[in-house]
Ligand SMILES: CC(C)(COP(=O)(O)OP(=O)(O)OC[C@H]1O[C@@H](n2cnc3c(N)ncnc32)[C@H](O)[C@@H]1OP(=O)(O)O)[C@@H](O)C(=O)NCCC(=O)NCCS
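First comes one chain, alone, set out as structure tokens in the form predicted on its own.
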């Protein structure tokens, strides 16, 4: 299990930021985890598209960890960084942070690993072009 207790700042680049809305809540009034996962997938795909220099598709989600509930009205920020680049795939770590409106303290609320595969215009796997 990832160590998050000592992590005080996000790791990676800000890939997506949005506000949580009442329509996205579960029966207990917190933001539905599936909605958060969808935002994470979008953020990860933005990152993977940049790395792959083209179209990618999600193939797997692994090591998902929900740390605390996300309240309505919170601004969530999804940070991403590359964990591994293969011949056709990219493994991306996505962290979701919220900022307290009063204290301005950042809190890690969830994190996970998303795996994307680079695809061509016909939806077939393609090699990732490494630029350096």
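Positions refer to the first chain, counted from 1. No experiment lies behind these values; they were computed from the predicted model shown.
Beyond the structure shown, there is the form predicted together with the named molecule, which is absent from this document and is the topic of what follows.
**OP:** Choose from 58-66, 32-40, 71-79, 103-111 the stretch whose residues reach within 4.5 Å of the named molecule in the predicted bound form, heavy atoms counted.
**Re:** It is the stretch 58-66.
**OP:** Examine residue 22 and determine whether its closest non-hydrogen atom to the named molecule in the predicted bound form is within 4.5 angstroms.
**Re:** Judged by the heavy-atom cut-off of 4.5 Å, residue 22 is well away from the named molecule in the predicted bound form.
Subject >> Contact test in the predicted bound form: residue 16 vs the named molecule, heavy atoms, 4.5 Å >> reply: Residue 16: no, not in contact with the named molecule in the predicted bound form.
**OP:** Decide whether residue 86 counts as a contact residue for the named molecule in the predicted bound form under a heavy atom distance cut-off of 4.5 Å.
**Re:** The answer is yes: residue 86 has a heavy atom within 4.5 Å of the named molecule.
Original post:
Which residues within 99-126 place at least one heavy atom within 4.5 Å of the named molecule in the predicted bound form?
Top reply: Contacting residues: 115, 117, 119, 123, 125.
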